[in-house]
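First, one chain by itself: the form predicted on its own, in structure tokens.
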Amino acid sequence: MRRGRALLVVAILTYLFLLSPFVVIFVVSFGQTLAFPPSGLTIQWYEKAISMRMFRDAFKVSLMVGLVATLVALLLGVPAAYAIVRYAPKGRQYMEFAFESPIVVPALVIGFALLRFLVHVGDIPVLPALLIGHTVIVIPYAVRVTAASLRNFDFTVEEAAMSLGAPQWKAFLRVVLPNIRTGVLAAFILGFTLSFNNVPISLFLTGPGITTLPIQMLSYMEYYYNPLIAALSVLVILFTVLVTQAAERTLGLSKFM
């Protein structure tokens, strides 16, 4: 009994430790100045954050890049996961490691490598380079989450469809894909959230006129010292939490993690 109470206390303290930075940001966002505790309360920083055009434009870029990059990653990752799980080729563990390598390699290294290869060598414009960079970091999650869903799928159902005359591509689209749609949607939510909040890759690949919201926030902090970024951070946190919680409630996202 004492041990259980001690573990409960440790769990509560750990939770409070993890939650405290978000509480500080939330409280500071309503202050007159960037200080804790705040000297006065106001919502002007929220109004200003929403009204500033550079943040609205950056939000649109982050939204567009996140959606497109995640869709492309799924188009590449779902067939790859299907091939790995369905046929279990020799060296499968090495193939899985290759797809997961963007997670292992530091993101700053990936960002610098993509900058050199795509922009300096390939002379690719900023927006396509940014889309490619975000696709690279999302693919591992598309493969991993979809593969987890495929491992719970009974492929004899697909074989039955093929034995009745359906081509393999049609059996995949009509039988396999509908049965793993929850995993695919979970991969989409994870990939989009990762892309939307990404800093290291975007830091190297953004350019004039094309900036994601996290990079625009960093640029603002270089010149201004006020609670506006705290207010904008709260809005970003709320947006991310709403997306992930909606996915958890509708898809059971945690079982794919």
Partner chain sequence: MSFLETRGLVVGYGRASPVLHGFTLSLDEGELVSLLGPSGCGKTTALRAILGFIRPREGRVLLKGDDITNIPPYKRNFGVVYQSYALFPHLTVAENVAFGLRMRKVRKQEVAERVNRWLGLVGLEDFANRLPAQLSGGQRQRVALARALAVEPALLLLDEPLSNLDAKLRATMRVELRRIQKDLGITAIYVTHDLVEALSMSDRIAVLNEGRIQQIDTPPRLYRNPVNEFVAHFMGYDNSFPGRVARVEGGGVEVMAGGLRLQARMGGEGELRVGDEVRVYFRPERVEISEGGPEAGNVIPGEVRFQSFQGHSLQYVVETPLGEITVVCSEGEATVNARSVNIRIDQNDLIAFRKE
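Numbering follows the first chain given and starts at 1. Keep in mind the model is a prediction, meaning the values are calculated, not measured.
Although not depicted, the form predicted together with its partner chain is the subject of the following passage.
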{"property": "Answer option from R92, R174, R151, R116, heavy atom within 4.5 Å of its partner chain in the predicted bound form", "result": "R174"}
{"property": "Answer option from P79, P128, G122, P178, heavy atom within 4.5 Å of its partner chain in the predicted bound form", "result": "P178"}
{"property": "Site test, V157, A160 and A166 vs its partner chain in the predicted bound form, non-hydrogen atom cutoff 4.5 Å", "result": "yes"}
{"property": "One stretch from 71-79, 133-141, 94-102, 166-174 that, in the predicted bound form, holds residues within 4.5 Å of its partner chain by heavy atom", "result": "166-174"}
